[in-house]
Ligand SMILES: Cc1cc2nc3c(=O)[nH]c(=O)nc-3n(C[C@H](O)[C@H](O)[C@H](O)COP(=O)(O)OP(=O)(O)OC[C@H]3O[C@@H](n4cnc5c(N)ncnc54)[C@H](O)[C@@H]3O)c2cc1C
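First, one chain by itself: the form predicted on its own, in structure tokens.
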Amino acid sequence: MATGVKAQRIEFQEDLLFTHRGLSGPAVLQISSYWQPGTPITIDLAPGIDLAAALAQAKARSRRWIANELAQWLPARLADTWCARQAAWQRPINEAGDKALAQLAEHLQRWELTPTGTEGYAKAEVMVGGVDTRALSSQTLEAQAQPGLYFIGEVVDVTGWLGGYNFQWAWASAAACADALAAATQ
């Protein structure tokens, strides 16, 4: 599933998880580093598919209910729940109006919502912030204002995408710092 922050046009194509408390999953974790409270996000629930064209083709060949057709591209329960939102989407696809199908496709591929918050620090898996990199030597990670004080890893304001980037940063910054400390003690 793709998700994006509108103002900056940051996009991720990752999985999305519907939980009993809201949205989660890799897409939400990725975008959460960029999202600002009160800012809407746009979610494409069928990325890579021209859903309007697919629904129009289905209308020409099928008598199945719209939700059953959508289940080709969405989880069946999500398709059922989404179609229950409007009476025009609760019918066989060959009986649906073209405008209703186009509207359905638009809603699914440009679902705009404004998150109401997060689960907070206790549940956080993604964090931003830390010691400002401008206050550190880019070669040694030594604090410019306090010689002999070094910062590495996730305590520094460097946030990587999901997939091990934070681990890579932690190891690389530790290696750079260790090399600098070894050179300073020789």
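Residue numbers run from 1 along the displayed sequence. It should be emphasised that the depicted structure is a prediction, and the values quoted were computed from it without experimental measurement.
Here the subject shifts to the form predicted in complex with this ligand, a form of this protein not shown in this document.
message: I'd like to know whether I43 contacts this ligand in the predicted bound form, with contact meaning heavy atoms within 4.5 angstroms.
response: The answer is no: I43 has no heavy atom within 4.5 Å of this ligand.
task: Indicate whether this ligand has at least one heavy atom within 4.5 Å of a heavy atom of G153 in the predicted bound form.
output: Contact with this ligand, yes.
task: Using the partner position in the predicted bound form, report whether D132 sits within 4.5 Å of this ligand, counting heavy atoms only.
output: Close contact is absent here: in the predicted bound form, D132 is far from this ligand, nothing within 4.5 Å, heavy atoms only.
Exercise: A172 in contact with this ligand in the predicted bound form, heavy atom 4.5 Å: No.
- prompt: Can you say which of 157-165, 34-42, 140-148, 56-64 gets within 4.5 Å of this ligand in the predicted bound form, counting heavy atoms only?
  reply: It is the stretch 157-165.
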